[in-house]
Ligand code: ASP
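Next comes just one chain, in structure tokens: the form predicted on its own.
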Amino acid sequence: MFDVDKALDLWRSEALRRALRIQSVVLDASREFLRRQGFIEILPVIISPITDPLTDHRVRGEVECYGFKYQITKSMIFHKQIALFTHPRIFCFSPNVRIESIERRNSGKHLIEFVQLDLEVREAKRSEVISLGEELFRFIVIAVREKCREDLEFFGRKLDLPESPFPQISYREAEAKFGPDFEEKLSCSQKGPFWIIDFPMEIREFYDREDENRPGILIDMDLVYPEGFGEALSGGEREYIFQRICYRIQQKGIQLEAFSPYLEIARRGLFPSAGFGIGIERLTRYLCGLRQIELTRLFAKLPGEFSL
């Protein structure tokens, strides 16, 4: 049952009001920065025959229209690659729906509906989009510090501007030093954002590009916030050769037919590219120093809860 009183308390809260004001500056600053870098903004895709498998391709939010089955967007990864036929540098504020397990209800960082700033760059390497991500993050922090001083004071938040380049650590190195839950331990121990790079192929998706000189290692990365706020951004270089994509899909135990529209396009040739997606609610949460992610958007939907 929908808890009206709880919802009204949240909507009337000063924390939510101020977080949304900071979030509005984040959206404006992101657009300003990316347009200066030659990006164009495209409109989001809400339903499609294909969407991100996200390791468990069996979890599908589906709708039927005119006898055709569509999936609700989990991410625009494939559409970003295809959009590069139109323009070499694109971005989008993409609504995503991901049905998280109920156990994640109290994680403070999981919503089943959220928005990602998704971008992709034709012919780019991972190093280029890492630099782009750092510049974008710094630009946003500067804008929030300048335009939201009173809001940051309300949250008792002092935002440091991290120096670029941010530190990097490989997945295997982090795992060896800190164990399997290394991300949380690293996040809690760091004073500034850092990159985890070179994930093992078996734990990521088929579209992340394998390093031809290091079999089993992907040319990808995650940006992680400090102070225990966890993952900020995920991305990397993309597989773009038709035969490689087919091979990687089959490695995951997925039937090729599940991605037939995408494969027909890939057969005709995709561009090499790299990009990333950064969650707007998680970014807002970090900037405000909030532990409850439901304070970062109106009509927030936590795993397992019935929401408006």
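Computed from a predicted model, the values in this text were never measured in an experiment. Position 1 is the first residue in the sequence shown; the rest follow in order.
Same protein, other form: the form predicted in complex with aspartic acid, not shown, and the subject of what follows.
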Fill in the blank from the handout: Counting only non-hydrogen atoms, the one stretch of 210-218, 146-154, 113-121, 185-193 within 4.5 angstroms of aspartic acid in the model of the complex is 113-121
Exercise for the section: Name the residue from 129, 224, 140, 77 that puts a heavy atom within 4.5 Å of aspartic acid in the model of the complex. Expected result: 77
Practice task
Spell it out for me: taking aspartic acid in the model of the complex, does every residue among 105, 229 and 303 have a heavy atom no farther than 4.5 Å from it?
Solution key: no
Practice task
Report yes if any heavy atom of residue 109 sits within 4.5 Å of a heavy atom of aspartic acid in the model of the complex; otherwise report no.
Solution key: no
Exercise for the section: Tell me, yes or no, whether residue 133 is in contact with aspartic acid in the model of the complex, where a contact means a heavy atom of each within 4.5 Å. Expected result: no
Problem - Contact test in the model of the complex: residue 71 vs aspartic acid, heavy atoms, 4.5 Å - result: no
Practice task
Decide whether residue 98 counts as a contact residue for aspartic acid in the model of the complex under a heavy atom distance cut-off of 4.5 Å.
Solution key: yes
Completion exercise
Contact check, 275-306 vs aspartic acid in the model of the complex, heavy atom within 4.5 Å, ordered by sequence, gives 275, 276, 277
